[in-house]
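We begin with a single chain expressed as structure tokens, specifically the form predicted alone.
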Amino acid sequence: MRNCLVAQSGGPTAAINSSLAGVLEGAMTSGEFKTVYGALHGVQGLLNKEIINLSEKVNEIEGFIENLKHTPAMYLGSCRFMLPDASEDSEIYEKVFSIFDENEIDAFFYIGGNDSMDTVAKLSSYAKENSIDVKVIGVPKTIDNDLYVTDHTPGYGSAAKFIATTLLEVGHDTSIYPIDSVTIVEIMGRDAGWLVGAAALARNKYNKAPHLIYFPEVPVVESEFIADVKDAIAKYHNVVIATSEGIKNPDGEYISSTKAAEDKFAHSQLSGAAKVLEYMIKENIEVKVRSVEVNIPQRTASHLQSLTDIEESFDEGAFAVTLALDGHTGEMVTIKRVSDEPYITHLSSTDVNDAAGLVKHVPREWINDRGNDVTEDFIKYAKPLIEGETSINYKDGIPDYLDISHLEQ
């Protein structure tokens, strides 16, 4: 092959740059590519020919790949851009592949979530239909952990570790005053409750927080919610509730104070679910209550990376290169779990169409009958994914990450 190109898309994670590092390492050590390029801001930047030479970065900056593994968010930047169907607009595809040809690109690696896999599916399909020999491989990432086929998704383990740590610290904070109180913590997850479920990992022999957990998969009935809170106050006094941003009422409507806006993929932009629950409690129970939104820190907290997550993300990036070199295209890298204890997995791949546009929910049997907590099966699944700590370089008291000023151009 001649050259390869890699890009990132969708929401950031604490591990997506580790996948990028894996692609870089795999491509450069394979000896099969002259140059590894990176497209800034995903496919949108590619269309604008915003391309940088990553091979030069590796050769010029000491420890570049290792530092990249621990740099948060997305070194190449991102976009929220949905490709139209080729039957509706073939010109955009012609432009993409002309840019590939101009830069002698034989393999394209796209690191992203559900919507990014849709891009992989469309580009690979167009290439096949037009006899263009460019391999297109999807490298999954998302803190939501909602991609089909793969056991779990890179980015989830680190976000889950952050959530569990945060809920443990909230548990310590709320326990100091001898008065009844309720604290509601809103966690990301529009349609799948994998991340909010990870809050249960905060529990230990003395900490029972969060005492209640609410998922997008199970409707929240106000009368039952109030009853749950009253029972928890009577038992624990200082109650911590973890809720997904995507919780719904029995009619299937999002319980959110700001749900009107939609992004380019027609996904509702949610915020304020915890605030709605706060108001419910205030109207029905005389107790001190407050709500907080974890918001963006859960996506990019590299100081709390899961070593398991970072290593798997790196390996998936390198495996994507192997797939392309072996002639695969239109596929997404997957993780297959062999066992929980000891935790053993192996890498594989699937037709990207088996994952693109689909949402993997938390199995109902992994949520208790009442719909306000996880079962032991969820704990067994999630616990190995947050284990292990990474080593990060510090300078002047704060993490020393890679320079991303190229994204400001």
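Note that residue numbering follows the sequence shown and begins at 1. As the structure is a prediction and not an experimental result, all values here were calculated from the model.
Not pictured, yet referred to below: the form predicted together with another copy of the chain.
With the partner omitted here, the residue from 229, 96, 170, 318 that has a non-hydrogen atom within 4.5 angstroms of another copy of the chain in the predicted complex is 170.
For the options 323, 218, 201, 105, the residue carrying a heavy atom within 4.5 angstroms of another copy of the chain in the predicted complex is 201. In the predicted complex, another copy of the chain stays beyond 4.5 Å of every heavy atom belonging to residue 113. Mapping the unseen interface onto this chain, residue 208 counts among the residues with a heavy atom inside 4.5 Å of another copy of the chain in the predicted complex.
Using a 4.5 angstroms limit between non-hydrogen atoms, residue 361 is distant from another copy of the chain in the predicted complex. In the predicted complex, another copy of the chain sits within 4.5 Å of a heavy atom belonging to residue 295.
With the partner left out here, another copy of the chain still marks one of 349-357, 379-387, 24-32, 365-373 in the predicted complex; by a 4.5 Å heavy atom cut-off that stretch is 379-387. Proximity to another copy of the chain in the predicted complex holds for all of 79, 179 and 397, with the criterion being a heavy atom within 4.5 Å. Of the residues in 288-312, those that come within 4.5 Å of another copy of the chain in the predicted complex through at least one heavy atom are, in sequence order, 290, 291, 292, 293, 295, 296, 297, 299, 300, 301, 302, 303, 304.
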